[in-house]
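This document opens with one chain alone, in structure tokens, the form predicted alone.
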Amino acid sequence: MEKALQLYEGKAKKVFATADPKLCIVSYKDDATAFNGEKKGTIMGKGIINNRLTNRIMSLLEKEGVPTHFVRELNDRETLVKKVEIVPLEVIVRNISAGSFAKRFGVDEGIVFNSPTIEFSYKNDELGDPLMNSYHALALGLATEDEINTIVKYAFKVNNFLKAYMLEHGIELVDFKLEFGKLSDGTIVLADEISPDTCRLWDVKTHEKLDKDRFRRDLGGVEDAYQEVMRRLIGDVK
């Protein structure tokens, strides 16, 4: 499948049209951003790692009954996906207090919740992706009630699977961000990516950070952390 017109370029990926109007090609970049694009840099090899990890996890999620946009991996950086209209809601699932949650509510990082929490933010860079609830989303016409219910159901299903999958490989799933899209017939599917860019991942024993927090907080060892996640979940990067 050949790339055609570039449809979109975001912080971490480019999306290209193909000869099939229902399919696109996603190309992963090594660019890294944080704090709504205020901090920029490069994480060498990130594109390869995020592409391959996302594809592996989405393949597994399909078997768990979560529909995704994944079709097939084309090469280390590019993947063929179903064309979707992204629902402008970022869905954040949290199992442990960390990051903005800890700051917002004045609690320490590392508090394990009795049950996972879910948050929405309005996917809008100009507004800084503000937090919103389902009533805001309905009022703004961002999604229907049925679509929101479907998204929440899938988000918790993803969480249940990912927590167990990560734990098998010595990784604690602290929190993560998901995006969903609609196919041409309106079907809701999981889209975007699942990677150390979009998940907060800690080593089970040491609580060492294995995700983009190393970039956000200038902790160093960013590439090593991404490669370690790749090594544990898939094997060494080629």
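Source: prediction; values computed, not measured. The first residue of the shown sequence is 1; numbering continues from there.
Beyond the structure shown, there is the form predicted in complex with ligand TMP, which is absent from this document and is the topic of what follows.
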item	value
Candidate spot R94, D197 and R200, all three touching ligand TMP in the predicted complex (heavy atom, 4.5 Å)	yes
Of I148, L89, V84, A98, the one that lies within 4.5 Å of ligand TMP in the predicted complex (heavy atoms)	A98
Partner-proximal stretch of 170-178, 48-56, 61-69, 22-30 relative to ligand TMP in the predicted complex, 4.5 angstroms, heavy atom	170-178
Distance check, R216 to ligand TMP in the predicted complex, heavy atom within 4.5 Å	yes
